[in-house]
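In structure tokens, one chain follows: the form predicted on its own.
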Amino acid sequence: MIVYGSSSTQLAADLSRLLGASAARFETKVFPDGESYVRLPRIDGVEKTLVVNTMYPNQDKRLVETLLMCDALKRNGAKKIALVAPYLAYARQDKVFLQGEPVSPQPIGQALKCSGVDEMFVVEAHSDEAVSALGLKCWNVRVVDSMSRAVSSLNKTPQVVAAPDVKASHRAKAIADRLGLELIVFSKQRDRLTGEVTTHPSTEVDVKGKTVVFVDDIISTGGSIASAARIVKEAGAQTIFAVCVHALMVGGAEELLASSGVCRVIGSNTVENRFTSYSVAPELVEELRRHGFQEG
């Protein structure tokens, strides 16, 4: 049985179809003072339940909503709860960088466990350290195949895959290799005196007249891709796309990317918004089947 919240309706439908499982949506509302309310739809005789609820936007509210959903399931007879949280919030602070800081995923994981979560599936989390810090059985699902399909289905045939920074190079290379495309990797350097950050290509690829696709796990403010996109635009790239897993698109990210030459941003349904163009359900279903979730 799949139950889902208001933030993951598209993904829950995809998972239900591919797994051949029934799906039901939690009733959710907000009290006048801003507190969340959830109510479980009637489900009988289901011992193993899959909860689908991503944690963006409004991370704090989504987290509390998820905790309440899991508690309601436990109180109504669910013996085992698996949580699919496609976008894992609070994964950035995966270690103590400065004295006095928390390791954010740890209390998140403890709260989920106390609410009844037995195992968890996330998609392209910020780091393996963040997943480990949750303290739960948790699988970090990679979606390079779905990203590759998204790149290959663009309305203009891409010739070059670009990584906006070195951290994104592994994913970019995997996609470029799958599709037989050229690869360009950008790197950043910070001036120790002024603090100014500059971006430059660490590999030389002729992009003149070509379609370039930047790939990354998250687009938040869009700054990294924007800096690199300006360079390929000035080098004569004809069309520039940006494909990511989690299209957070914070603040003026869309305007920044457009002004840098990016004609379209393509995100997955880990975050359901108007940038959502492809589904990560195929890889999630593969992982779920490996851990006992079979067709109904």
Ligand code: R5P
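Being a predicted model, the structure only gives us computed values, none of them experimental. All residue numbers refer to positions in the sequence shown, first residue = 1.
The protein also exists as the form predicted in complex with the ligand; that form is not presented, and the subsequent description refers to it.
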Exercise for review: Answer yes if any heavy atom of Ile218 is within 4.5 Å of a heavy atom of the ligand in the predicted bound form; otherwise answer no.
Suggested key: yes
Review point. So in the predicted bound form, does any heavy atom of Gly135 sit within 4.5 Å of the ligand?
Key: no
Practice item. Determine whether any heavy atom of Lys113 comes within 4.5 Å of a heavy atom of the ligand in the predicted bound form, and answer yes or no. Key: no
Review point. Hey, in the predicted bound form, is His126 touching the ligand, heavy atoms inside 4.5 Å?
Key: yes
Exercise for review: Sort through Arg178, His170, Arg92, Lys80 and report the residue having a heavy atom within 4.5 Å of the ligand in the predicted bound form.
Suggested key: Arg92
Check your understanding: Looking at Ser224, Gln159, Ser146, Asn140, which has any heavy atom no more than 4.5 Å from the ligand in the predicted bound form?
Key -> Ser224
Review point. Thinking of the ligand in the predicted bound form, which stretch from 71-79, 210-218, 151-159, 114-122 has heavy atoms inside 4.5 Å of it?
Key: 210-218
**Study point:** Partner contacts for 151-165, taking the ligand in the predicted bound form and a 4.5 Å heavy atom cut-off
**Key:** Asp165
